Ligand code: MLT
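Only one chain is given next, in structure tokens, and it is the form predicted alone.
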Amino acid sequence: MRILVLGSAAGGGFPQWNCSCPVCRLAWAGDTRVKPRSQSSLAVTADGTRWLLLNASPDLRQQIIASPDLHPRGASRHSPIAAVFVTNGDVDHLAGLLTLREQQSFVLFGSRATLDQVAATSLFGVLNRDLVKTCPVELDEAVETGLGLTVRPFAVPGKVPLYLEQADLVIGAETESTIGLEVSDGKNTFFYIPGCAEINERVEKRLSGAEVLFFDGTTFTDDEMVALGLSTKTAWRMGHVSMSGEKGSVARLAGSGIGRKIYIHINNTNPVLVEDSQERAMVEQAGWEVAYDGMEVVL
């Protein structure tokens, strides 16, 4: 099984088009200590021919161009992308579906809640319903993708997408709105959780002893955006757990026995993006890797 990191940044990418935070300023200046990153997505294959996308970011066209494995072959219209599995209804995980509108067949997997959001948005009507098959999945039930890959979706603490927030918003609920994925080719398994508001005992138990984990690395501290004067929202309020702190992912997964722990969905403000920063050193010393566009993991 091959896993390609198509995009490793959170929504907005890195550098974000309108941001001059300290980390983005380094990128705009061409500092070699930071690498530009597109918005979060993985591509997975069991046979090297047919690929499953995990989320479809707004940067998908750019990501396909940068990934020869995803280039068309043979017929006048062809794509190695055979299916897409979305983990929530966030814009940065759905907007790439619009890139796949040119009369190409593929299967779209997701929770009923997320696929209902796609169906209710008229813009996604550009996807030819005769060619794009939608498959709602049930939580904690194995999904045979037909690509030599089995995916088991499960709820993680999260929230509804920003555009669906209302006054009665609940953060940390474990529902179909935010899911993680366990992906297996029958021999090896990895987990993909790009969004998670809290690492509770259920999350810890599920991930214990995992071979490989791609996990939410949005912010380093919970108040990162607030401290920079860029937002009034903490990471928790945005539906993400920070890396640092006693409730952060570094501490909560320290004794998990996970083989490889890889941060993905990294916000443009996160200092771990700076390769010689103290924050990068801290997470690496704790056994974490920081994903980058083009990174490949082979299991």
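Residue numbers run from 1 along the displayed sequence. A quick note: this is a predicted structure, and the numbers were derived from the prediction, not measured.
Unshown form predicted in complex with ligand MLT; subsequent notes refer to it.
- With the partner removed from view, the residue among Val250, Met238, Leu26, Ile258 that has a non-hydrogen atom within 4.5 Å of ligand MLT in the predicted complex turns out to be Met238.
- Of the candidates Val126, Leu162, Ala120, Leu169, Leu162 is the one whose heavy atoms come within 4.5 Å of ligand MLT in the predicted complex; the others do not.
- Figure note: of the listed segments 72-80, 87-95, 136-144, 179-187, the one touching ligand MLT in the predicted complex, with heavy atoms no more than 4.5 Å away, is 87-95.
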